[in-house]
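Take a look at this single chain in structure tokens; it is the form predicted alone.
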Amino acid sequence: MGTPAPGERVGLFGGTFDPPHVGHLATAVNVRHELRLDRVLLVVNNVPWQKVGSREISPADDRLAMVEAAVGEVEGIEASRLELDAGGLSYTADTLGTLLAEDPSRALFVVLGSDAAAGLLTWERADEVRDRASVVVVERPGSPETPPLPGWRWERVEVPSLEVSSTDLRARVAEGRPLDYLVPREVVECIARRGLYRQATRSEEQP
């Protein structure tokens, strides 16, 4: 990665990515295009505070390796280990703070789905997220528009409707069913190489 230009526009698309799939990639690519972002970072959560205790989450290094395999050489889409390096629970406010400390001239955009947008006010230090970044709400064609929260910088981007569930993908691996065309081939190979999801069950909650 080269030296970032001053004032670059950076999207943060955070998640467990357990595993990453074509829906994640389509979202990142379309948001970057629509908002003319310099980069979109797929930020791998270290310990996702909203999912603690909900299910067993794959080791962070495995999830990062899958995201690195998924993004490959796609222009402007990068895997980020910022939250892994920070350690502990992962909070968007902290990640935004780290990026702005590196370069205060950056314009930051937090990419999330409509369900997550509806719960923004429950986030840890939500006021810091509001002050540090614009929110980009990803919605499917024809879906009702999520109303913006007062005082927040708000964008809406439509992305293709790709109904792919990480929960289903983990179950597919456990049951020996194919992942072809649901995740990039490089991710399929990474899952096999690392022996992931062999004990996955359908009862787990979707990330």
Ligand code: ATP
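Sequential numbering from 1, following the sequence displayed. Source: prediction; values computed, not measured. Here the rigid core means the biggest group of C-alpha atoms that line up within 1.5 Å when the two forms are laid on top of each other.
There is another form of this protein, the form predicted in complex with adenosine-5'-triphosphate (ATP), and it is not shown here; the text below is about that form.
Partner contacts here mean any heavy atom within 4.5 Å of adenosine-5'-triphosphate (ATP) in the model of the complex, and among 172 to 180, 157 to 165, 144 to 152, 64 to 72 they occur only in 157 to 165. Proximity of Gly14 to adenosine-5'-triphosphate (ATP) in the model of the complex: non-hydrogen atoms within 4.5 Å are present. Interface residue remark: Leu84 is not counted as part of the site for adenosine-5'-triphosphate (ATP) in the model of the complex, having no heavy atom within 4.5 Å. Contact between Val138 and adenosine-5'-triphosphate (ATP) in the model of the complex is found at the 4.5 Å heavy atom cutoff. For the chain shown alone, Val129 is not a contact residue for adenosine-5'-triphosphate (ATP) in the model of the complex, no non-hydrogen atom being within 4.5 angstroms. Every residue of the trio His21, Leu112 and Ala116 has some heavy atom no more than 4.5 Å from adenosine-5'-triphosphate (ATP) in the model of the complex.
Pro178 shows a C-alpha shift below 2 Å between the shown form and the other one [criterion: core-superposed Cα displacement of 2 Å]. When two forms of a protein are overlaid on their rigid core, residues whose CA moves 2 Å or more are considered shifted, and Asn30 is not one of them between the shown form and the other one.
Once both forms are fitted on their rigid core, the CA atom of Arg156 lies less than 2 Å apart between the shown form and the other one. A change of 3 Å or more separates the two forms for Leu35 and Pro141: their C-alpha atoms lie farther apart in the model of the complex. The pair Pro144 and Glu158 is looser in the model of the complex: their Cα-Cα distance rises by no less than 3 Å compared with this form.
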